[in-house]
Structures are given as C-alpha cells and as structure tokens.
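Next comes just one chain, in structure tokens: the form predicted on its own.
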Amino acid sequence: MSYTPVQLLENWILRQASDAGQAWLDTQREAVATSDLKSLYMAFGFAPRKVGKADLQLTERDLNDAAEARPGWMPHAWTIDQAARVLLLMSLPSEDDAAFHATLEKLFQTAEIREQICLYQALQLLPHQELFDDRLSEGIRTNIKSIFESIAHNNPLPMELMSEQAWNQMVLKALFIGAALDPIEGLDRRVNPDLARMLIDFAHERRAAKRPIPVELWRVAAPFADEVALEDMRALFASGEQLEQSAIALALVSTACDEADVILKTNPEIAKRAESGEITWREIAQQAY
C-alpha cells in the first residue's frame, strides 16, 4: 500500500506526540486550511513547544515508504517539530501560486536557523517548487553550515531545479566549508565538464602548495580527468594517505580511461578493493568529516 507524504507525516507524529500536542496540531492545521495566515505564522513558531523536538523514530519501512511517496525524500534526520511544521505548510491552500509563494517567502525572511532548515527541507514536499529555484540559489550563499546542508544534503530539489551554474557553486561551496559531497542527491548524475575543470584546477593548486585536497573531490573530477588531473592522481595514489588512495582508486575505477587502469595497477590491492565494492563513497565521506 502506498501512502502520501501527508499520511506518513500524520502517522509518524501520532506515534510520538502527546495527546495535547496532537490536539493542538490538529486545531492549527484546521485554521491554516482556511487561509488563516496569522495562525500559520504563530503555529510555525510554537510547534517545538507544543509537540517537542525529539527525533522522529523511523523504521526502515518508514524510510522506504517515504522514498516511494516522494522520490528522493530521506527524512531519517527529521524531528517531530519539523514534521509538524511541514504538515502546517501542507495544510495551506495553494491554488493561488503567487500567494502561496509570498507566504513562504515571508516565513523564510523571518525564520531563525531551525525554522530555515525546516523550510528548505519542506520545499521538496510542497507545491509550486519551481517558484523556489532562486530561493535555493540564494540559500546556498549562507555562512551557516547547517542551513547549507539542509539544502544540499538529502534533498532532491537542487538536482531537480538548480541551473548548472548554481549546482556547481553548491558543490564547490560544500568542499570549501567541509560539508560532505556524498549526501548530495544526483551528485554523479549532474557531473559536468565545467565543474570538473574547476575542481581539477583547485586540486592542482592545493597539491602545488602542499595543502590537503578534499578526498571526495576526485569523485566529481575523475570523469573529466585531463593530463594534469591524472598526473596529480598518480602522484597521490602513490604517496597519499590511505583514505586519499582509496578515494582516488574508487574515482579511477569509474572512468573508462586507459591511463586510469595504468595508475590502478601500481597498487593492485587497493584497486581490487575499489573494483569489488569494498570501498564506497559513503564510507569515505564518513571517515573524511
């Protein structure tokens, strides 16, 4: 049986919220459904006090249901107040796309950090997502890592809505601020020559300055590796730390370049682990950050 995102959120909250919290949320959703914006703004702010801030206790089946209800939706790190806030937003009438967009923008402009994180994660479940592409591009300019990650990580909207320029800026910024690349949905699908070129230049400059290179960089750069990149990868594969060698091996395995095979043969043990799937990008990201 398939569920809608609203049904899933309602079920998850029902399992954890107190009777008083549940009753409060039901009342607020009814008010918001009548376009009562004052109730929306107040309830959005009060949600943590009324339903709590606990992490949602989701099972593997819950996560599978979420992915089926909305491809790319991964609420494993959501909290109960976040779920309640999203339900409030989903109760808002949306027939008038301009009014809906204006209401959300007002919330964005007055939101504190937890509220902004909630709003950016909520967009993937809300209507008129195409109206928020500029909001996403603006959001990745933030200096607050948790807000940046609410856009870049476990969120299918950047993959679906961002221009190539905005996408490339997001990936570059992730590397600059120490945010992992692996949780970026569509990372391999949206690899492009311009992004790879920027990363290859960045890596070459870092190596020349004897500065560390983010190991996940090679995942995005390798598909378009040129002579400079291959030389850098060859040198680091021979003398780098084990995590760096593993990342380069995994990146080289994914390319169809003859030179990549030549480099991999210089360390057959790591190459074999990369080819067999023993090394994964998820594990590399977990060890790198």
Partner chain sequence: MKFIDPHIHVTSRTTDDYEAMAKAGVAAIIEPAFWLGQPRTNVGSFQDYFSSLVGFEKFRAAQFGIRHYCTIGLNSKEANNEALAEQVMEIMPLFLAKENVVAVGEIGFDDMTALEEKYLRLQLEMAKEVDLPVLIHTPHRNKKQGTYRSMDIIEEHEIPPHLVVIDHNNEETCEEVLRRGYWAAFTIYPKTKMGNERMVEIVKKYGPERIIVDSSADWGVSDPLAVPKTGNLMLERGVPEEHVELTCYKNALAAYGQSGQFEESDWLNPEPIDQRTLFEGNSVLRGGQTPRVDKPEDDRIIQ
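Residue numbers count along the first chain shown, from 1. Remember, predicted model here, so these are calculated numbers, not experimental data.
There is also a form predicted in complex with its partner chain; it is not shown, and the following applies to it.
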query = Looking at K145, H128, R197, H204, which has any heavy atom no more than 4.5 Å from its partner chain in the predicted complex?
reply = K145
query = Of 157 to 165, 113 to 121, 187 to 195, 132 to 140, which is the one stretch near its partner chain in the predicted complex, taking non-hydrogen atoms within 4.5 angstroms as near?
reply = 113 to 121
request  = Classify S91 as contacting or not contacting its partner chain in the predicted complex by the rule of any non-hydrogen atom within 4.5 angstroms, answering yes or no.
outcome  = no
message = Taking its partner chain as it sits in the predicted complex, is Q169 near enough to touch it, meaning that at least one heavy atom pair lies within 4.5 angstroms?
response = no
request  = Indicate whether its partner chain has at least one heavy atom within 4.5 Å of a heavy atom of A67 in the predicted complex.
outcome  = no
inquiry  = Quick check on M42: any heavy atom within 4.5 Å of its partner chain in the predicted complex?
reply    = yes
request  = For the heavy atom contacts within 4.5 Å of its partner chain in the predicted complex, list the residues of 206 to 222 involved, in sequence order.
outcome  = R211
